[in-house]
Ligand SMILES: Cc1cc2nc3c(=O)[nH]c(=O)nc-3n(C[C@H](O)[C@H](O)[C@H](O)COP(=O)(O)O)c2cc1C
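Take a look at this single chain in structure tokens; it is the form predicted alone.
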């Protein structure tokens, strides 16, 4: 409020000043924004419990307070200029919703069916690494939160909990996200382990090729005198995989990174011919690759730019999504992630034609802030917002969300 008052005084002074008199462009700055922000979020007054959160954004400053600078930097960082990190949020403004009226929405069915299984909502827990950096219970807390809300969960190759333990905590099969490495035998061994554990799908990440330039992380590490980040955040491959149980017992000779610069369509074909699970590709951002995925027998695609972490191409996934949907033309399911924070964000993607939306950073904010309870509350808020958005759109079920409900701004 003091800031707004000061701004008003400054603008009144400028408007009356002879310096700007007769200069229309400058004189226009005397108009105040409408609406005013009467109740801004006070970063000095953080929520003290998950139940106090009004949106998923309330958890981020609490996580920032509770986590070390290095760990929070790893969670928050993007690549290079972080243009893609910002674009993922700004991209939603390029699309507007076209609600339908006089539809009975007294009951809302958010159930999502995928590959013969049914979940209570289309909100999927995206794979994220090193969860024990944010809370001692790590991926186990996330799995238990997923169980409480009956969410589909994906587990990362670089999780700090094994696929076996995570499935036990979830009480249901998890999908396994695969960083294939540059050695076929290593990637195959992890895929076969996940299949044996009961994972019905392997999600091959295809967008980690170059070394990431995580400037935010590096700057925050410099300010963290107690930081020892190698074991958590990839400061050298050997130290990175020490706490990653999916690499236990594997011969890592010749492995230079968890990603794979030599990854080609031949790997996809070989994996398709070797494992019996569903195979999805995560990180597809061009129509040409979407068509090639179908040609190579892929079962699904996740439109993803890794939350702006793996590259800085500057394009949001919500902007890419229509291109991929047109190329695929309904032949395989399309999921999407990166930047989703609101129920209306999720509705836009579902109406366009996405089968499900994957959430990453928000549940990590909840984990870092309050552990399992924080993750549960983040997912609850997103489900509540999605429920309300579907009501307002006149869509009593997911099949009622159609492309005509979304327009370019």
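Positions refer to the first chain, counted from 1. Keep in mind that what you see is a predicted model, and the values were worked out from it rather than measured.
One more form of this protein should be noted, the form predicted together with this ligand, which is absent from this view; the next part is about it.
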item: Proximity to this ligand in the predicted bound form, single hit among 79, 316, 161, 205 (heavy atom within 4.5 Å); value: 205
item: Proximity to this ligand in the predicted bound form, single hit among 307, 91, 180, 138 (heavy atom within 4.5 Å); value: 307
item: Heavy atom of residue 127 within 4.5 Å of this ligand in the predicted bound form; value: yes
item: Non-hydrogen atom contact residue 282 with this ligand in the predicted bound form at 4.5 angstroms; value: yes
item: Contact of residue 362 with this ligand in the predicted bound form (heavy atom, 4.5 Å); value: yes
item: 4.5 angstroms heavy atom contact with this ligand in the predicted bound form for residue 121; value: no
item: Per-stretch contact check against this ligand in the predicted bound form, the hit in 286-294, 262-270, 97-105, 330-338 (non-hydrogen atom, 4.5 angstroms); value: 330-338
item: Residues within stretch 377-392 having a non-hydrogen atom within 4.5 Å of this ligand in the predicted bound form; value: none
